[in-house]
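Here you get one chain, nothing else, as structure tokens; it is the form predicted alone.
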């Protein structure tokens, strides 16, 4: 199978006011793979993924140099439609954040806004498909009108994944999606990530080395705003080129 590059970051520099958060990041993200970003807190991993759906645009003091291409188009080009970019790039956050609405309304919110569904039947179908893809349908199909917040933490996070995939994105960004969850819920989300990569390109920021090993095909190690090393997950964890990577994954620092 030929690996297609879905996202390409070239000499990406990010500044918050005077402070530089990312330095010359060059990173290719392959389509239909899971790429894990690891590294100590505050080293630029979340900043990097927020560049991909231009969430940093909402921060006044944030300035971005360099390029990020998706399917060969620079997403920072002046003619980029940010709304349609964000439709293509779904995001799942660290803490599950369902809207204070029913389970059903959580999932159909995006399709309604983006005009993806014409009829109630269409919406019903999207809600069912999204919840099935998020491995949640069987648990909630009889309680779709209950509030999303009534679910357990792990279910809420799967609801947020269902919400993210309801608009048929191409890329899903996950910012430590399991850090607030117990081991059983985490295992379910990891299984889900493995299934979702057949349809989506996934980038996951994780603090858990074992999680990176379990779910990803490629891993990038960030430290102090720099991408120290990137490679197949197997190579990064078994035979890293850089001593810093070795020290981080063996727990000498971080």
Partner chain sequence: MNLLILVFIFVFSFSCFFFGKSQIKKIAAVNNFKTKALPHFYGFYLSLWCALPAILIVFLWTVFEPFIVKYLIISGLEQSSLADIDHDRLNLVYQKIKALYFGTYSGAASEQIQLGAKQYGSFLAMAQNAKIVLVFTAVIGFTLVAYKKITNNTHAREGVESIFKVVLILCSVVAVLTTAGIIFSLLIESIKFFSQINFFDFLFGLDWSPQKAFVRDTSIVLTASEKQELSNAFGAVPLFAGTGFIALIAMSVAVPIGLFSAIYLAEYAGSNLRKFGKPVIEVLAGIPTVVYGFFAALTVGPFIKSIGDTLGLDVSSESALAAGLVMGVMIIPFVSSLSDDVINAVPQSLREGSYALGATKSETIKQVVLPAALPGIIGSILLAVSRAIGETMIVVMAAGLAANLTINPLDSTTTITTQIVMILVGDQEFTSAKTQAAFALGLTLFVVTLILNFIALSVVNKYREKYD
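Residue numbers count along the first chain shown, from 1. Being a predicted model, the structure only gives us computed values, none of them experimental.
There is another form of the same protein, the form predicted in complex with its partner chain; it is not shown, and what comes next is about it.
- Contact between residue 101 and its partner chain in the model of the complex is found at the 4.5 Å heavy atom cutoff.
- Among heavy atoms of residue 127, none comes within 4.5 Å of its partner chain in the model of the complex.
- Mapping the unseen interface onto this chain, residue 53 counts among the residues with a heavy atom inside 4.5 Å of its partner chain in the model of the complex.
- Contact between residue 61 and its partner chain in the model of the complex is not found at the 4.5 Å heavy atom cutoff.
- Three-residue candidate spot 200, 212 and 217; no residue lies within 4.5 angstroms of its partner chain in the model of the complex by any non-hydrogen atom.
- Listed residues 80, 97, 179, 152 were compared with its partner chain in the model of the complex; 97 is the one with a heavy atom within 4.5 Å.
- Site annotation in the model of the complex: the residue of 140, 164, 75, 123 reaching within 4.5 Å of its partner chain with a heavy atom is 164.
- Here the chain stands alone, but in the model of the complex its contact with its partner chain, taken as any heavy atom within 4.5 Å, falls in 101-109 among 131-139, 180-188, 67-75, 101-109.
- Residue 114 is the sole member of 114-132 found to place a heavy atom within 4.5 Å of its partner chain in the model of the complex.
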